[in-house]
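In structure tokens, the next block holds one chain alone, the form predicted alone.
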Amino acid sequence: MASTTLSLASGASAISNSKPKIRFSGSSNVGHLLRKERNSPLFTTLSTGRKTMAVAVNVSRFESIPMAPPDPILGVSEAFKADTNSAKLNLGVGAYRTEELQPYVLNVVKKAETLMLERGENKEYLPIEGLAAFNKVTAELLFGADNPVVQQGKVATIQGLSGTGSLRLAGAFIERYFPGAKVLLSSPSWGNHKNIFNDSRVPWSEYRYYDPKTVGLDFDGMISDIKDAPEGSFILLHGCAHNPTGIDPTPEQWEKIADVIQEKNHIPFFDVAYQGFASGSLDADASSVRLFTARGMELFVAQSYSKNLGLYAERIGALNVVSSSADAAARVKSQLKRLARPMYSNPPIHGARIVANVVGDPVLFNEWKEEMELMAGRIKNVRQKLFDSLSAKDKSGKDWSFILRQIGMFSFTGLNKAQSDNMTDKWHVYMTKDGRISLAGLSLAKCEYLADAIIDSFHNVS
């Protein structure tokens, strides 16, 4: 910070204990300074016995920058930590927990890391596009190793900083090479989608998705809005386990969505954050992406390994762009690298090696699939127990079966903001204000308590 200026109304000696360091102006400047500074909000008059001092404080150049609002999801965890109630539940952040509600590191991840230590691998910089072995296995995992787009080199894959960084890189690519093109997001969608495209300077709008009357999919509204979008728009789709609603289209509905996107010459843009973690099957959770690819459509896919391998802090993911030819894919990849270089130069290696070791080793790969089935199975069991508890405790006759029609780690409860506030204020259940809860943070033992909280909030708070 700039130094503080002290002007004296009469001659005076330095005050030895003053902080910060004080600079004294010459007496000839005193009158000028007083006249200039008295009208400033930064002007302060100090009295020390017979001497009066005028102090002008030079404040930070960042004084005008406003305080940013807390993140609506990460802020939930901060509030949860501050709560001392023993019954508290954190159902805000989408991170898997054990039945004891503790973080879980997959056994297969521990084995992969042991292999890395035994090999004594170095920590040299990766190429801009990331670890080659990672890029190979991640494209094969998503599209299928025998998929023609993989075999013919039509996929440009670049390692990204998890799903968020991969989406952001795609946003930069769209802004540069599709200027003016709009991205359509589902309403609602993951909260960070809007932030990503705002900061990428890519215009976006929304298509209808959630129907509050049925707590289900507004399929007709979705199709209508995609049809009405300007031709050549990017349609952002959740590959599986839609966040935040947990509501996915049926296979038949996916076919119709693909039809209208092809008819309008739109570009599908998938966000795949839960492959294998939603249903327990890697292939089933990638079926929507593979459907569009099989139709010969060019598309974008952002991937994340935060959930299905529990690599939250490793920030490991990928951006895949499927082109109509290998030559186009090569050019796309060259420009993605060019965009990545000034953003973060090159991606981290640790998580990439874990994925490459797990997916590339048949033994570890099979162990991973078994662990994913167990994780997905625990969430399904919790979902079923919550439904059973709601149905048994709620004597109003309300149908809670929509919870069973949802998939993945999230459930949209249908609670509004006031009801969600009641969940937190009265019941110490921390969740997002749109009524979304993370079932990954719920245990079987806590289902009845959560059911009591939901029933009270739904019926007694308007």
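Residue positions are given as counts along the sequence shown, with the first one as 1. For clarity, every value in this text was computed on a predicted model and none was experimentally measured.
Another form exists, predicted in complex with a small molecule; not displayed. Remarks below refer to it.
In the predicted bound form, the small molecule lies within 4.5 Å of some heavy atom of residue 190. By the criterion of a heavy atom within 4.5 Å, residue 328 is excluded from the residues contacting the small molecule in the predicted bound form. At least one heavy atom of residue 163 is located within 4.5 Å of the small molecule in the predicted bound form. By the criterion of a heavy atom within 4.5 Å, residue 410 is counted among the residues contacting the small molecule in the predicted bound form. For the candidate spot formed by 129, 134 and 159, no residue has a non-hydrogen atom within 4.5 angstroms of the small molecule in the predicted bound form. Shown without its partner, this chain lists 389, 279, 243, 357 as candidates; in the predicted bound form, only 243 has a non-hydrogen atom within 4.5 angstroms of the small molecule. The listed set 79, 223, 291, 73 contains one residue whose heavy atoms approach the small molecule in the predicted bound form to within 4.5 Å, identified as 73. Residues within 4.5 angstroms of the small molecule in the predicted bound form, judged by any non-hydrogen atom, belong to 269-277 and to none of the other stretches in 269-277, 346-354, 368-376, 115-123.
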